[in-house]
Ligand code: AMP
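What follows is a single chain, given as structure tokens, in the form predicted on its own.
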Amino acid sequence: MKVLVLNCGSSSVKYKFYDDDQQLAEGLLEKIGTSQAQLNHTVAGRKKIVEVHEILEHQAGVELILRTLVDPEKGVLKTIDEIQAVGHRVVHGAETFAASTLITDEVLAKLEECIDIAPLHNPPNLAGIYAITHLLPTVPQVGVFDTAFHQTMPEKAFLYAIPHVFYLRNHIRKYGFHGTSHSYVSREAALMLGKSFEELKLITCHLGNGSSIAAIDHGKSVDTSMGFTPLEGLVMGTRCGDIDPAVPLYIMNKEGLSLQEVNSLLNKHSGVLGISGVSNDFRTLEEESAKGDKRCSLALDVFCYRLKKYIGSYVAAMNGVDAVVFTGGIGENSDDVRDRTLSDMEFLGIELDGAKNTGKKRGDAACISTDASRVKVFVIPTNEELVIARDTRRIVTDKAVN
């Protein structure tokens, strides 16, 4: 089955096109809403194409992507009718969606209700769905939710210690994100261990500009670091992660900041950027740290210390762990972050092999723990789009059969 996967952000559309599990094309359309929108389009075995267009809204952007896919020189399709299904990344499914779902009018109405708790992410996700509905009205669409994998968390893990009425009335609870990535790499880790996914205890670390960690016990997510929003949990590129809830109130009072200003402060100006004062790019932080910049080194230390604490707490929560997995741009590519995080954890049975860690080739999945390590450590490139394509294919096929 030929499936188009769309991941729509506020001013971008990331896409991949699959024929079953084979990726035929991928691309990224950036700066939507401007006359300088940039399309980066790649087909396997061909030179990357970079074009600039005036793209003022998402539907025009999706239309450009479709035209590119059927272009005789740039594309991979003879006609648009070859697209058999479209899968969409949807950030927030609340408690309504615990699994990937065929998009219907009823589902769309439920997704619109989720906008209140995901005002930054769900509207552009919905824009992609609306665009396909208009441009390819007969093609089935599937929503794949970042939050769905974590819907197996027990109440003791997802409830906040605030008056229960706010959960009942406003659905305030921990939801967790990056679920598609955590699901994919944990299953890949099971394959690398040669064991059933359902018999393992795994800790998966998705580390990028946004970072999260998950505890996966016998195939189910039982805890994760991100919460009601992606702000909770680990220190991130520009997000503060866990802090005393009184801190933003104190800052608002002292500095005279508005609600919108403190929200921007915590989401866009904090994290390792806030600590270092230099960058949220870990490559830059590592370069400046090596030159002796103490604040850059401190930012890395704080990031890794928080991650180390979460790993330890999840080992305790699951009463053990079989493997720790690193993924995401930082998790896959920063041997320094992996080393700082896993140093001095031998008491938990985690022993990092320094040579394997520094020698891991970019883009490869690898075991980087010592042969004697009781807990295996893996680096596994994530592939969220492939998960979306597979779920889309499965759901559309099941609908056709039934």
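Counting begins at 1, following the sequence as shown. Because the structure is predicted, anything quoted here is derived from the model rather than measured.
Keep in mind that the form predicted together with adenosine monophosphate (AMP) is missing from the display, and what follows is about it.
- Among residues of the shown chain, G208 is one whose heavy atoms approach adenosine monophosphate (AMP) to within 4.5 Å in the predicted bound form.
- At the 4.5 Å threshold, heavy atoms of R283 reach adenosine monophosphate (AMP) in the predicted bound form.
- For P230, no non-hydrogen atom is located within 4.5 Å of adenosine monophosphate (AMP) in the predicted bound form, even though that partner is not displayed.
- Although the partner is absent here, N333 lies within 4.5 Å of adenosine monophosphate (AMP) in the predicted bound form, judged by heavy atoms.
- The partner is not drawn, yet in the predicted bound form one stretch among 75-83, 184-192, 208-216, 255-263 has residues with heavy atoms inside 4.5 Å of adenosine monophosphate (AMP): 208-216.
- Between the options P248, P124, G329, G274, the residue in contact with adenosine monophosphate (AMP) in the predicted bound form by a heavy atom within 4.5 angstroms is G329.
- Annotation for 356-379: the only interface residue with adenosine monophosphate (AMP) in the predicted bound form is R362 [heavy atom within 4.5 Å].
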